[in-house]
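Only one chain is shown below, in structure tokens, and it's the form predicted on its own.
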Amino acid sequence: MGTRKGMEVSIGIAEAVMMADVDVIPAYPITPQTHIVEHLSELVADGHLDAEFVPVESEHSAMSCCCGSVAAGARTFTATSSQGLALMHEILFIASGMRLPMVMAVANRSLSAPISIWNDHGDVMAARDTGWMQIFVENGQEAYDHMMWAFRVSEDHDVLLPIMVNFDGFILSHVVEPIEVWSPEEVKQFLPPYKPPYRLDVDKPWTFGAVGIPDIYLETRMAHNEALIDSQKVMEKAWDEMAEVVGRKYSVLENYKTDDADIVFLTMGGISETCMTAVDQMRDEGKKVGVIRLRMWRPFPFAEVAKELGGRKVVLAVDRALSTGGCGGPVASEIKAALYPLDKRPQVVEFIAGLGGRDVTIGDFKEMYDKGAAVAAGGAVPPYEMVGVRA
């Protein structure tokens, strides 16, 4: 077992990035991710990390700088949140389309307007289709571990795609938790040095980001999509390797008390742990309920979701974002797509919860369960519900 230290989760992420021996850190501050890049600037200034810390003029510039540094062959990290991720939006497509491996920590936060600095998943859902790998973590240990893991996956020559590691703004970013830190030997065993197969080199020139005329554009998009889908194999392999090194096992989907559950919640991110506590209490009351936590968001694990949910009566899909003008939540939409080919499908009851940092309590989860139980008993499936909204 490694050394356990109490530290703010944002500081833990920065410490993990230092352990990964990153080369370039383009950074711009935005609440609530600022503590990550602040601490990295201190580590560089104090000589603990031999890296270029680039204080850029905007998040758009940060992502542009990331593209240049990765193309030149440097291991690259940045972090952002909310409006910052939105300002990067144009360049997100370039980073993934040019197959530039990099890691970005996203402290998930609501989008304006109205101005909100509090947590939900609206920012990353707006970036859903940018071609990045995307995962969600639930606590500080997971956030720390997945920095090393993200570099390992992103830089794999069978992947070569950027990745976002999503964690709850404030709910995690500013909370002190016990984190078991990796030893230098464990990092060396798990994360090899970055050796790019292609990079900007005057002695061996490559073209990056050339014009995609109609005769080739369609094929490049197909290749990009297939690479993103195939990255799941490398993700799973890296999780297995990480379990061998540090003893913590992660996976695409993670179940909690679901073996005999007729009704299951499906959640993502930090809200999952509150849901697990609610499930504990409902289990004590004799209710057959569990939680399936979705860690991998892009690529979406359709086969695994169908397998886990196919035998249930009711799925309670809890989204932290609203697909405005659409059918409810983006996660619920993907769940329904995964279940559609099945002959016997569970009923999906949709909830939109915690927008703009609104608390989602154990009592809220119990009320969601009651509504799901009514559907399991033969009641009609209600339209999606905004949990706790005041009429």
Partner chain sequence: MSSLPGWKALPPGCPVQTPLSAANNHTGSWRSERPIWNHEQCVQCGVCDMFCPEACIKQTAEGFYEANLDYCKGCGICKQECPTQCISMKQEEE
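On a predicted model such as this, the values are computed, not experimentally measured, just so you know. Positions refer to the first chain, counted from 1.
This next part talks about the form predicted in complex with its partner chain, which is not shown.
Mapping the unseen interface onto this chain, Tyr256 falls outside it, with no heavy atom inside 4.5 Å of its partner chain in the predicted complex. In the predicted complex, at least one heavy atom of Pro205 sits within 4.5 Å of its partner chain.
Interface membership of Thr220, defined by any non-hydrogen atom within 4.5 Å of its partner chain in the predicted complex, is confirmed. In the predicted complex, its partner chain lies farther than 4.5 Å from every heavy atom of Gly310. The partner is absent here; in the predicted complex, the one residue of Val176, Ile229, Ala303, Ala210 having a heavy atom within 4.5 Å of its partner chain is Ala210.
Here is the short version: of Phe190, Tyr198, Phe170, Tyr250, the single residue with a heavy atom within 4.5 Å of its partner chain in the predicted complex is Tyr198. None of 231-239, 72-80, 211-219, 107-115 except one has non-hydrogen atoms within 4.5 angstroms of its partner chain in the predicted complex; the exception is 211-219.
Contacts of stretch 150-166 with its partner chain in the predicted complex, defined by any heavy atom lying within 4.5 Å, are made by Leu160 alone.
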